[in-house]
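Only one chain is included here, represented as structure tokens and corresponding to the form predicted on its own.
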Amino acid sequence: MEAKNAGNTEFLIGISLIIILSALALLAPLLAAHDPYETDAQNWLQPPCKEHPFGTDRLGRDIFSRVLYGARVSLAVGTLSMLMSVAIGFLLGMAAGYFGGVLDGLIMRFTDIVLVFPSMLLVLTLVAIFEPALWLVIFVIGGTGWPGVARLVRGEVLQLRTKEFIQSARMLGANHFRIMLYHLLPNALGPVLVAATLSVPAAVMTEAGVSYFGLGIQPPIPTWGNMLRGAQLYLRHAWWYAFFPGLFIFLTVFAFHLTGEGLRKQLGLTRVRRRG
């Protein structure tokens, strides 16, 4: 009961932060007092003040406005890549766990091959081959983040497929698609929701890392990662330049991890491990 209450508190705090961050991103055009792309050579590297709450960057652009618009890009990358990785992982894990045999072996060996490569190195390599773009970053992060979900779903399905209600459904003539959709999917959904929640901050961090190395979404489009890249030469003289994008990355990761841990405790699941 104590664990469940703690899970409720963590979930409520985490989901509240997510709602606030999402609202800031969606309402960026209304909340931003300045054009995030407008430069001002007379006000470069200005500290936080009434006109510029988060200060200005090396080109005189308002950091508050750029952080809000950057939230749109970073959260979009995190959410869309999570949906992609969960969809791929769920389909492969369901097929491997349900059908077993040769198909299970092939899918799991392919999963092991993807897991062998460090995710950040693989993302950097693929992004470096092609011209950096938003769709490419989403595709690459989503296309490399599914193995943990696949293994999780496979494990759940392997346990469920021998249950009596699955055997009864087969005896009543239910086909494979109906069994997977109406019987296995609802029972395997809990761990997948937790894994999906924890996938978003990992994707946000990956996008920030790729952009920091200059291989992600390119300026002047603001993302938290490329804002940190632009601030690296001014850390001693303009603390606000890197502080606020870094703060929003921290809050996003913290919010989603808190939500995921809250869900895990509410559902009574063991800790979900995902690929780092």
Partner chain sequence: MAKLLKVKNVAYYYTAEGTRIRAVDGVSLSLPAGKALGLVGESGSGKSTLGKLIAGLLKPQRGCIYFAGERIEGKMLPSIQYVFQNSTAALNPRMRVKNLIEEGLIIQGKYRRQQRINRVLTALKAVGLPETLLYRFPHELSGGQKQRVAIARALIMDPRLLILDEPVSSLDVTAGARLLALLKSLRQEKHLAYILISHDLAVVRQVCDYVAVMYAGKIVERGKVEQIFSSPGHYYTKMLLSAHPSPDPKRRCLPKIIGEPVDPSHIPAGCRFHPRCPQATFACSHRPPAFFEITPGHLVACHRTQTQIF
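None of the values given here were measured: they were computed from a predicted structure. Positions refer to the first chain, counted from 1.
This protein has a second form, the form predicted together with its partner chain, left out of what is shown; the following refers to that one.
K.L.:
Check whether Val102 has any heavy atom within 4.5 Å of a heavy atom of its partner chain in the model of the complex, and answer yes or no.
P.N.:
It does not: once its partner chain is placed as it appears in the model of the complex, Val102 has no heavy atom within 4.5 Å of it.
K.L.:
State yes or no: in the model of the complex, is some non-hydrogen atom of Ile88 no more than 4.5 angstroms from a non-hydrogen atom of its partner chain?
P.N.:
Looking in the model of the complex, residue contacts with its partner chain do not include Ile88, since no heavy atom lies within 4.5 Å.
K.L.:
Can you tell me whether His183 touches its partner chain? I mean in the model of the complex, with a 4.5 angstroms heavy atom cut-off.
P.N.:
Residue-level check for His183: yes, a contact with its partner chain.
K.L.:
Flag Trp135 as yes or no: does it have a non-hydrogen atom within 4.5 angstroms of any non-hydrogen atom of its partner chain in the model of the complex?
P.N.:
Trp135: no, not in contact with its partner chain in the model of the complex.
K.L.:
Heavy atoms, 4.5 Å, its partner chain in the model of the complex: which of 73-81, 175-183, 88-96, 138-146 makes the cut? Say which one.
P.N.:
Result for this chain: 175-183.
K.L.:
Taking its partner chain in the model of the complex, which residues of 162-187 have any heavy atom within 4.5 Å of it?
P.N.:
Sequence-ordered list: Glu164, Phe165, Gln167, Ser168, Ala169, Arg170, Met171, Leu172, Gly173, Ala174, Arg178, Tyr182, His183, Pro186, Asn187.
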